[in-house]
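Given as structure tokens, the chain that follows is alone and in the form predicted alone.
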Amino acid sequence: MQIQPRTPDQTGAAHDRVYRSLRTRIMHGELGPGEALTLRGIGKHYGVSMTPARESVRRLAAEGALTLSSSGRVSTPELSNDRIEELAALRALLEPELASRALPRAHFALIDRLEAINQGVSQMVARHDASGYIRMNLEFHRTLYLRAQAPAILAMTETVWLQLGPTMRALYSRLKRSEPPYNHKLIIAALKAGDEPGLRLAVRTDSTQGLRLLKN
């Protein structure tokens, strides 16, 4: 049987699939800081040729989710103290703004959804599932921020999350959580009360407090 060559559209579709899946894995902390990857390994994992794997890596490197050395080594980032502080500062600026914009649209259905997600966070804590915890935690924040109707700010925020994914995994291991973040309760309480200053403070604290514990 003759194998037909892939068309550019097929190659593009493969690249996009690999990029999105690998991006999600990095954001959710499924890969630790400094973890090495190879194009051959990526291609084998996703069942694609080297070209989609290479394009996906280049795209993720441009977003700060992967690092490329001069020798061609691919790895997840190991963040310096200064970089952690910088990304924490970005979260402190962007996320309270998103929450504030979401507040006028924080109806009962949203609050119920956030409480349900927080139950999922509790389940991941009980299982000691690091990547599951990160995934559910980000879902909690994204669900709230989507109500802000500010896609540009949210896109910037997700890029910060992406860069922090492996570091967040290391943070989870260090904190050894036994319960969901207390600030989630404060966020929900502020939404119920329509308390914008309280909401901004709870979101800022939740998004930055843990990161600063990682600094050496």
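Note that residue numbering begins at 1 and tracks the sequence as displayed. None of these values were measured; they are calculated from a predicted model.
Although not depicted, the form predicted in complex with the DNA is the subject of the following passage.
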query	finding
Stretch in contact, per heavy atom within 4.5 angstroms of the DNA in the model of the complex, of 97-105, 114-122, 141-149, 73-81	73-81
Contacting member of L37, L60, L186, L171, with respect to the DNA in the model of the complex [4.5 Å, heavy atom]	L37
4.5 Å heavy atom contact, A155 to the DNA in the model of the complex	no
4.5 Å heavy atom contact, H15 to the DNA in the model of the complex	yes
Contact of R54 with the DNA in the model of the complex (heavy atom, 4.5 Å)	yes
Touches the DNA in the model of the complex: T159 (any heavy atom, 4.5 Å)	no
